[in-house]
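The chain that follows stands alone, in the form predicted on its own, written as structure tokens.
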Amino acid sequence: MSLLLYFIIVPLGGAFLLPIISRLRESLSDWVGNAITALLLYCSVYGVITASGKTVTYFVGGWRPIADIPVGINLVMDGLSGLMLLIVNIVALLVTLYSVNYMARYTDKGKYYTLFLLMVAGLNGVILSGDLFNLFVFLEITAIASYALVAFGIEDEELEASFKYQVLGGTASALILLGIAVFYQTTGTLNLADASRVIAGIGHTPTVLFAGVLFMAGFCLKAALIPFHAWLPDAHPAAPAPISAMLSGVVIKVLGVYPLCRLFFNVYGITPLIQDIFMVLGVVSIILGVFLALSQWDFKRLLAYHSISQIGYVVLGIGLGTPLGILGGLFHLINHSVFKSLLFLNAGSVVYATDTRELKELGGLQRKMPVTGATSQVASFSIAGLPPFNGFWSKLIIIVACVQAGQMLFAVLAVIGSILTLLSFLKVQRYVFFDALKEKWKNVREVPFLMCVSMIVFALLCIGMGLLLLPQISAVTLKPAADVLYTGLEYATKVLGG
């Protein structure tokens, strides 16, 4: 149980030590940053395997919540939080590995890794928090570190994007904090499991529902679902490529989608109205996101709009509320973390080699950058949902689940979104990696070794993650996570006992 504390203490400790360590020798910050993310990944794998779908709770300071006194801080790892920890720390390790060479072009790696580890500590804290107040605290730690990392290049574009991100992120945080205040005034508790029991007793009163509306608006803004998406198309392109990968790969999911699922499935209890809201938001994001992406000629901005579209698939699947839909939504969540992180690293490699993101200025880079080109093709096929890549399996499950649930319109729109995604990435492949090689790119070279390693590992995951559907592997990873949402209000009993 004390292992849960390491997910927060280790990156926080590293963040506070790195400014000192980096003063001794800047290269030490690379070693320390990668060592900490590797340790966190080991803890994630160990936790998922040993917990094996059980609910593990750690009570900080030994303050165990008891009847009528739900005080104290508790960390909870169940199937859902275990899966989220695993994908966050896989992406974090591969991103820090990529950062060794990429961030050498920026000043002060010590500050970069300090902010990065603060962000990772906040993400792990949000996932493990068993009460609303500490979930909000860790959410703010992540958000503040993210604002600074988006602006890390300190150019006009980065500073403007960070400011916009901060204003809208602060608006989302204010909505969430107001929701927490209303929620506490009504239920008298902030412990998620205890609140679930209280709401089961008093029902969905007007104030409980009002708090739910505030949570829905705040967390949808964090998740960048349409129409709450305005900050994302600026923040993701402006950030350094490793941070773009983190923002799209894990941050919008952990700060947005995960709390929505935890609150509305495990605390409020899912209702047909909430399911309809989830599904409509999902489908609107799928279609509008991909149409906005099709018109883009900035490589990273195009990828940013696809983040909105792909999160729509996740929310659509989960919103169906069926076992197959929830499984497909969660599977697409982790698949998107992998292929979208890879795509942003591919874009970062192109910028690293050519210093431009404009598709029309590029061309013919496949011959000069074979690793970047090959891994980009794998990621493009994955996001478009072509077999046998991981995105195909999760999209197929979501579409089949829509058909089984009688939502034929949503199934058709999901297929259309996938076809348009394929068209968008055919454009990327043509303009960036194929076409004729322009004279000015004649001396371009492949990016350094460690950047290639990160991209290759992500590409291998895109190819192999379909194996997660095998019964033996799914029983340890996907199925326990889906069961947490499908069983809904049993969360209270699993955390606090009978």
Partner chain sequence: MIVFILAVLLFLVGLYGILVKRNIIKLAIGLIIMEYAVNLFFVLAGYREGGTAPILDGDLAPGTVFVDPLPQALVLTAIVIGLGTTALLVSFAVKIYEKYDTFDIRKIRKLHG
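All values derive from a computational prediction rather than experimental measurement. Positions refer to the first chain, counted from 1.
Omitted here: the form predicted in complex with the partner chain. The next part is about that form.
Taking non-hydrogen atoms only, residue 181 approaches the partner chain to within 4.5 angstroms in the predicted bound form. In the predicted bound form, the partner chain sits within 4.5 Å of a heavy atom of residue 301. Contact annotation: residue 202 falls outside 4.5 Å of the partner chain in the predicted bound form, judged by heavy atom distances. Mapping the unseen interface onto this chain, residue 263 falls outside it, with no heavy atom inside 4.5 Å of the partner chain in the predicted bound form.
Between 251 to 259, 340 to 348, 136 to 144, 92 to 100, the stretch whose residues reach within 4.5 angstroms of the partner chain in the predicted bound form through a non-hydrogen atom is 136 to 144. For the candidate set 198, 177, 104, 371, a heavy atom within 4.5 Å of the partner chain in the predicted bound form is found for exactly one residue, namely 177. Along 278 to 305, these residues reach a heavy atom to within 4.5 Å of the partner chain in the predicted bound form: 296, 301, 305.
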